[in-house]
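Single chain ahead, written as structure tokens, the form predicted on its own.
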């Protein structure tokens, strides 16, 4: 069944108001809740049509209307369809955005290595203090639910988990509304024990499901998983006698190729108290054993939407610190503008 825009908005307003109050909804209430700018008389006529269609019912004379099962079904189906469409659009956008960022960062690593004659590393953006955008729970099979969690930066995480109890469509809808009302716009640090207990209490018998969804949210907001590290200029190490010894060079090359140890260095830089600016690590200050004869200068970049990453220059302890710091400062000044320009070109290509 398809409704015109006016009827669809009125039905949605009735359902949402009834969910909040548990009271029949009248035409005057609807006129205040929607942006249709209709008179109460016109709304009453539309409500009469919805009643004839079996989507709402008047529980007793002179009362407002409440949704029927048929009305709930239409509302739920439309809501799920809208959410699936939005998720699909976000996924397409994210894929293109990530591809462009990855290409740009790889090119930047090569340019920095060539300009400084040192090795360079750049991490892809990860998400810090990220806020939740929305959650969608859907039934995928008997006893299984899919939780789609979307966070800032339009990062999407899908989690399928088992549930012991059966859920009606109305109960699933209520859980979606509850979770989104309570959690949207919050970061993981802001989702405290009080909020969790409040949600679990409101969920009643479905508190166990809420707990599983919160685990999925925590996984989505986690910052250190799947960190991408791009490196360039590893062979520049051989230009410096103190680093070109066979074992030292081999250890450094392995570190740059394996990249796991670089992740620890990057995390250290991103967790500095300042959280921004340029950091210098010299010899024993480095958390990576293979780099004890090196110095590393790092800078944190910020692309907005909670997306941050790190740029590092790796060289001997006698590196030209003034040149390296100056180069990184210029890069930091240029990165944000260049990134936005890259995305703008992509948007034009789409249109």
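Residue numbers count along the first chain shown, from 1. Everything quoted here is computed from the prediction, not taken from an experiment.
There is another form of this protein, the form predicted in complex with the DNA, and it is not shown here; the text below is about that form.
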Query raised in the report: Based on heavy atom distances of at most 4.5 Å to the DNA in the model of the complex, which listed stretch, 319-327, 281-289, 52-60, 294-302, is the contact stretch?
Result: 52-60
**Report entry** Complete contact of 12, 16 and 19 with the DNA in the model of the complex (any heavy atom, 4.5 Å)
**Finding:** no
Requested in this report: Although the DNA is absent from this view, report whether residue 6 comes within 4.5 Å of it in the model of the complex, heavy atoms only.
Outcome: yes
Query raised in the report: Does the 4.5 Å heavy atom contact test between residue 65 and the DNA in the model of the complex come out positive?
Result: yes
Query raised in the report: Does any heavy atom of residue 70 come within 4.5 Å of a heavy atom of the DNA in the model of the complex?
Result: no
Query raised in the report: Hey, in the model of the complex, does residue 33 get a heavy atom within 4.5 angstroms of the DNA?
Result: no
